[in-house]
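What follows is a single chain, given as structure tokens, in the form predicted alone.
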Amino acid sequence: MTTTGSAVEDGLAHYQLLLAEALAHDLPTGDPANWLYDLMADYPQREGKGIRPALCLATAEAHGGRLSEALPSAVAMELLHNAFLIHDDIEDESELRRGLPTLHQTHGIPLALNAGDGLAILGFEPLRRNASLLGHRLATLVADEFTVMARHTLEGQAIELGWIRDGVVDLTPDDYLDLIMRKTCWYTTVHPLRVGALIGSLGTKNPDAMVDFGFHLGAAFQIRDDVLNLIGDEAVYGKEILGDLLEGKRTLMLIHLLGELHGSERQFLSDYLRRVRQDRTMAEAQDIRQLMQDHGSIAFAEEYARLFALRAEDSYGHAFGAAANNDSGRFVRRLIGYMLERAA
């Protein structure tokens, strides 16, 4: 790992420790532990990068805020994130999450679904505390940001699931970018940046300044994640390799490949995508990955990710302004390169 990557890992670990301590106070205990509360604590206690809360905390610090002022909102993000993960894993029929069996694989869909609902509901509690910590006006602005983020995420998830259910194959890279802006970028980068800037500036910063930077940073993150799902090391990556292909997800590589194939190869891929996951095989997914390599689809996506990282660099200064060159601001900037070189 590069020096920059090591510095980012250190920063993420710092923020993750603060978050873990705060989460410990918010996660309920008691009965029914083995049917609810132990399940709710499972994903949050698995080791993750903590990109979302770290972005929120660092951006708040960069704009002059205290970590204690931003920590409840970061906790809310993490609780909602893990709720989304549980639900996503059920919808996608995923087998692994952070290197371990998914919650529904271990406990069944009904209990896992209920635990996800529990985490989503619990996420509102830290936001309620913001009223006394930040004041009513700023707390309302922050709560509004969560509502917008949740709506964007639900819209993006619906589009992706709809493409899969209805066998949609007539897609372009612009369709993919619209999808990930809703499903990934807003939720992973734009939202934490906006909330952090609002809290750190006590509501004086226009959060719209973060949208362009957050979109390009989030796109680089998502494209890299899609590539890792094809060629990463499962032990490091933490999810099943080729899982996206088995689920039929319309990644940038798949959309590129659909535009490149003709004749029997195009028919093979279209037929594959019209089937449900249970009727797709690992051998077929491996064949499609080989087609992606042969037709330059993976290289195409990697170049797209590099382009979006460059655009994130270009838009960073406008987004952060005077906060761009302090320690916390530089941490956020280092995340741009980190998104491209990460292995998990």
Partner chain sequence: MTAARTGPYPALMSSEEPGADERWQDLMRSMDPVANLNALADVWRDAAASSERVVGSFVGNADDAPSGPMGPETGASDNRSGPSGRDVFADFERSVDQMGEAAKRFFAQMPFGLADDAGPKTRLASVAVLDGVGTTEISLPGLDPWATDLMGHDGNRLAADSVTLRRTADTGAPGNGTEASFIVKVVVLEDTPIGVFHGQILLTGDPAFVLPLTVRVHGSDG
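If you're wondering where the values come from, they're calculated on a predicted model, not measured in any experiment. Positions refer to the first chain, counted from 1.
As for the form predicted in complex with its partner chain, it is not shown, yet the points below apply to it.
- At the 4.5 Å threshold, heavy atoms of Gly48 stay clear of its partner chain in the predicted bound form, well away from it.
- Taking the partner from the other structure, its partner chain in the predicted bound form has a heavy atom within 4.5 Å of a heavy atom of Glu260.
- Not displayed here, its partner chain is kept clear of Arg250 by more than 4.5 Å at the level of heavy atoms in the predicted bound form.
- Using a 4.5 angstroms limit between non-hydrogen atoms, Ser132 touches its partner chain in the predicted bound form.
- In plain terms, the part of the chain that comes close to its partner chain in the predicted bound form, with a heavy atom within 4.5 Å, is 181 to 189 out of 242 to 250, 181 to 189, 92 to 100, 269 to 277.
- Heavy atoms of every residue among His152, Pro173 and Phe300 are located within 4.5 Å of its partner chain in the predicted bound form.
- The partner is absent here; in the predicted bound form, the one residue of Leu127, Leu177, Ile164, Ala83 having a heavy atom within 4.5 Å of its partner chain is Leu177.
- Between the options Leu230, Leu122, Val211, Ala112, the residue in contact with its partner chain in the predicted bound form by a heavy atom within 4.5 angstroms is Val211.
- Of the residues in 125 to 163, those that come within 4.5 Å of its partner chain in the predicted bound form through at least one heavy atom are, in sequence order, Ser132, Leu133, Leu134, Gly135, His136, Arg137, Leu138, Leu141, Glu145, Thr147, Val148, Arg151, His152.
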